[in-house]
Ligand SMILES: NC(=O)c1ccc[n+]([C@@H]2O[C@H](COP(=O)([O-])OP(=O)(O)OC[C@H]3O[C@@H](n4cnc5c(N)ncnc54)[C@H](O)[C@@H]3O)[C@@H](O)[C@H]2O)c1
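Presented below, as structure tokens, is a lone chain in the form predicted on its own.
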């Protein structure tokens, strides 16, 4: 569907939450001429953004996000603030991109709650509230709507309320906000149409749904389908290991079938979306008495992968675990990302340390600080007994075998454990290393 076109110069948008979704979304609107106010509770983040600083690795048509941010700050189409009242006063379109963390299977609704209450404190007649956070199906209607209506205004009568799922992959945000088809629904037809007009400023292809619950459910199922697919190939990887064949070759050939799309195994499933996806579905499934046996099993399989990776390291070490040092290369939740939220690397490192191993991890793209994080490849591999590759990043010399041989421990044959299909066994073994792969 093509929504009625708005004049971007007349559009004023407040985006609540300036993380991996909110910031590129805000800049996507600003690039098209809209006036955008970004709101976040993190004052340090606000200060950095207003000075043109971000650690995101996104690009808009080959232009780094840092340059996009600087340009939109300079022309006044984007600014960041920790004062939501400023945004509420200036804007009439409010987009929520704050998350719902899941901790030990339990949801933390505090960010959504706080954001909805903030908007309710200043919402005006004819304003639009567009929720783009991943939600427990039914939550926009049953949770967000009542909070917004504490303003005294009624959704669908006095203000517009709509839901559109976020479907981007980090690292491709600008392109996918524009070219990934978007799903939209609203509390009523007029809300859905109002949201479609706003979405149409950035997104080319829009699909209307009959209810917000349909879009909420589709989003969760999209993520869970990837969780199940990854669990399946991780099971296949164990089978192929036992058979002595290469799982990546098997997958490559299987995917030549036009109706097969296997993903690839790895060190685990990370990021904010996929590991949490099942937990967005289970509350409603439990209410409905639907057991979700397959989905729960897949999640357990993927949760067990970090322990399997640690076992690969342990059984190939040339020294006892308590005397070993492991150089971890890459700690982001996926390749070529600065995002380490729920990264399987963090769980793997924790398990390595619990086994008594010393860990030195190098990832130049991830800004987070950890006691085991070092500043160079040399620091990571110095005196190490094993190199463990957990993510691909620019700026890491994965094939600098000469450096590895010179700096790694001479106590036994050094080990390279590959979870990203980065090396060939022959290549590594010819260089004098023990090789293990997932």
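Numbering follows the first chain given and starts at 1. Everything numeric here is computed off the predicted structure, so don't read it as measured data.
Although not depicted, the form predicted together with the named molecule is the subject of the following passage.
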Would you mind picking out the stretch of 406-414, 390-398, 62-70, 36-44 that comes within 4.5 angstroms of the named molecule in the predicted complex, counting non-hydrogen atoms? 36-44
Test of understanding: in the predicted complex, would residue 166 fall inside 4.5 Å of the named molecule by heavy atoms? yes
Is residue 97 close enough to touch the named molecule in the predicted complex, meaning at least one heavy atom pair within 4.5 Å? yes
Using 4.5 Å between non-hydrogen atoms, is residue 273 touching the named molecule in the predicted complex? yes
Does any heavy atom of residue 134 come within 4.5 Å of a heavy atom of the named molecule in the predicted complex? yes
Among the candidates 85, 142, 114, 355, the residue which, in the predicted complex, approaches the named molecule to within 4.5 Å (heavy atoms): 114
Could you list which residues of 215-251 come within 4.5 Å of the named molecule in the predicted complex, counting heavy atoms only? 219
